[in-house]
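Take a look at this one chain, the form predicted on its own, written out in structure tokens.
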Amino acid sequence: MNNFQTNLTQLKSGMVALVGVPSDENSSFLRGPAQAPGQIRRVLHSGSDNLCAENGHDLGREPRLLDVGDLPLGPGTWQADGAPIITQHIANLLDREARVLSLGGDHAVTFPIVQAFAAKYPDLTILHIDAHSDLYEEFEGSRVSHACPFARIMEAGLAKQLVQVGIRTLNAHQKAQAEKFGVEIIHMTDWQPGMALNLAGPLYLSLDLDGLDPAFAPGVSHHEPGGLTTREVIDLIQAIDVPLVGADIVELNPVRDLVGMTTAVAAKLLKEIAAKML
């Protein structure tokens, strides 16, 4: 899917737009997440499973779900303070009164995406599932690294509430950043299945696949043992009881996903998120 502008004309109010954001130039360790959108689609439509979510919603028969393809990104996408072209493309989707589910890409893409959402939804709450808090002021000399998106989001006042689940790598700098920005962190050491998160809407979900334990999602660049199970993440999604207006699934690295396990997990989570949005 790469004819983004043509597909965009089919998008109507009330629909969910599935869009790829193939960018990984801000990854700090390994490249590869730019390949993820196409790989997730391949598994989703491979015939190995149907398109039903667990609530019985058959996404294969759902006219309100539209894959608009990948954003047309290229050289010059990223600038020192963000990626305006990503923000503008997502804003165009939101202007059509659609909800947006994006497939990354590394986690750097969340900042320009949320810039568009915050303009549409000034009272945005973010639920962030991840092994890492991604709150660095800068990382390896970059303020738009995939280690920094939530520092950029919070310093710009783009979210009224940020709740992070699954964190298990917090250092002193990121702890200070979390305190500075009033971030609510649920560390893996404190996590209990079924824990109430007390989220407000409208809600944006940012799902980094390394929030899962690498036993369930090994196809990521940064393995961090001791994380969430696939079932726990599905239960978290299904328990959302406020309007879910947008989401991203990021940090799948197909280069490390040798048997396609993590891509299958991403496709499964995509179905559950889309069903919740609908």
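We number the residues from 1 along the sequence you see. What you see is a predicted model, and the numbers here were worked out from it, not measured in a lab.
Omitted here: the form predicted together with a further copy of the same chain. The next part is about that form.
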item	value
Non-hydrogen atom within 4.5 angstroms of a further copy of the same chain in the predicted bound form for each of 140, 171 and 188	yes
4.5 Å heavy atom contact, residue 62 to a further copy of the same chain in the predicted bound form	no
4.5 angstroms heavy atom contact with a further copy of the same chain in the predicted bound form for residue 264	yes
Touches a further copy of the same chain in the predicted bound form: residue 242 (any heavy atom, 4.5 Å)	no
a further copy of the same chain contact in the predicted bound form: residue 12, any heavy atom under 4.5 Å	no
Stretch from 129-137, 88-96, 197-205, 148-156 whose residues place a heavy atom within 4.5 Å of a further copy of the same chain in the predicted bound form	129-137
Stretch 211-234 - residues with a heavy atom within 4.5 Å of a further copy of the same chain in the predicted bound form	213, 214, 215, 216, 218, 221, 222, 223, 224, 225, 226, 230, 231, 234
